[in-house]
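Next comes just one chain, in structure tokens: the form predicted on its own.
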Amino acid sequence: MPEDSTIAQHEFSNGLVLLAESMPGVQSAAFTLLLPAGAAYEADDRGGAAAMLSEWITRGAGERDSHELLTALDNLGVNHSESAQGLHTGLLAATLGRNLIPALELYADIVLRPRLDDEEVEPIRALALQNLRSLEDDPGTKVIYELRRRHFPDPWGRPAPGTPEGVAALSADEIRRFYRRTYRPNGAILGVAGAIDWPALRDVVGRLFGDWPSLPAPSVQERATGPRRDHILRETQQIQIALAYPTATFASPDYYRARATQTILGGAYSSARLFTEVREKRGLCYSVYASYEGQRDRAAILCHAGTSADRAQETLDVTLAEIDRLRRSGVEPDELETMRAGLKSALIMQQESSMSRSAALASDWYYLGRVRSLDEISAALDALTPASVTAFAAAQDLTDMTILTLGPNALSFPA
């Protein structure tokens, strides 16, 4: 580990990247393993394979059956989660620092030697279908999943839960083939943070994962999606409104200006423009927000609001007007200071959690090929000025905006 940094990095011969950050004063240690095994790599008609597999791998691994494996994790006090997303399957775990190595040994079995017993498939399928049915009762989440599907090129916008048809059709052998094709060290990133001993950690990871054979990256055919204006008919109590438009990526020099415009527009504080104009002044809905969603080659600002049918058209119109006003009138100094304080507070709180920090290490490496320091991020936020953020907002191209609504009746969309 370099003397001038608490962050260390090592790439093993099979392509696995290990990142680690010592956090003085904490007793916990956490790791995040990103596997290049997300929904984007599923067969077109087998949506849900990644999600089902992320559940299956913890139902017995190595010499332990499902009960023995979960008991072993519990005995180490491991707080863990496994989930599939669009691009990755993420395995996250946190425990006391002294239990880090035994926890990694269990996860080596989970990743490299899952049992994948046939009798576990139907219970996992039932859970996956139940999750998909629950989305129909959560129209706010449903509309965001469908917005991503329409806005991003396929397969990058595919919903991680899959489809009822795909989940119902998946066989055990098809999920095993997905495992053998996508669970690979080249493209995998392991971030570890907290109470760690770097030389010992590097040696243990090498022992556990160093012989994991690399594989060719799965081929992906990118296709245009859409439509850019769409309505999903549902007999719901409210109408859900969601929209997305392109913005700067993580690696872009404009990234922090993009985050500033998103936060000023609809971040999680009461002076954000959408909250003020849509909720407070007009009482059109209870919740309205804007979020940032990035991939390596593209990024978008997403907006969402849910409201009654009689107020839905005005909610959409005011939301679009606020996006346009941000482009035309720019930002005020007090807005920028509020945004800066909010992002810095969130960043500092993240630094105090070994779990959050391990995830940030892996995420930064995936998007940037390096890890940002707290000082670097703080300096980038401090460098923002009303003029620079205003110029970025004015240059935003809204011609590629996707607008999606869900509810009992469609709204009038702009051209």
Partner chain sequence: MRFHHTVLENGLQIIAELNDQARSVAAGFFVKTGSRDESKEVAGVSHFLEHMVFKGTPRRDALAVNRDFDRVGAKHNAQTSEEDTFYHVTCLPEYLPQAFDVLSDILRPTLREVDFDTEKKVIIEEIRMYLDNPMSVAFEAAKAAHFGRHPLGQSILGTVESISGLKVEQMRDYFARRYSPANIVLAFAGKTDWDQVVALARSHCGHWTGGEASRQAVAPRGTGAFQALLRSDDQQQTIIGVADAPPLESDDRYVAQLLSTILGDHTGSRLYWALIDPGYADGVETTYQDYNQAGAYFTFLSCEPGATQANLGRVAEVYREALADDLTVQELTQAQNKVLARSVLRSERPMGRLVSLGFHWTYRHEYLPIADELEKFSRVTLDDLRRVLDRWPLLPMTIVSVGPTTDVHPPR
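This is a predicted model, so every value here is computed, not measured. Numbering follows the first chain given and starts at 1.
Just so you know, the form predicted in complex with the partner chain exists too; it's not on screen, but the next bit is about it.
None of Leu368, Leu70, Ile377, Ala43 but one reaches within 4.5 angstroms of the partner chain in the predicted bound form through a heavy atom, and that residue is Leu70. For the residues Glu280, Asp118, Asp297, Glu165, the 4.5 Å heavy atom test against the partner chain in the predicted bound form is passed only by Glu280. Judged by heavy atoms within 4.5 Å of the partner chain in the predicted bound form, the contact stretch among the candidates 262 to 270, 223 to 231, 153 to 161, 321 to 329 is 262 to 270.
At a distance threshold of 4.5 angstroms between non-hydrogen atoms, Ile348 is in contact with the partner chain in the predicted bound form.
Shown alone here, Ser252 lies farther than 4.5 Å from the partner chain in the predicted bound form, counting heavy atoms only. Under a 4.5 angstroms non-hydrogen atom cutoff, the partner chain in the predicted bound form lacks Thr182 among its neighbouring residues. By the criterion of a heavy atom within 4.5 Å, Thr307 is counted among the residues contacting the partner chain in the predicted bound form. Looking at 336 to 364, the residues that come within 4.5 Å of the partner chain in the predicted bound form, counting any heavy atom, are Thr338, Ala341, Gly342, Ser345, Ala346, Ile348, Met349, Gln350, Gln351, Glu352, Ser353, Ser354, Ser356.
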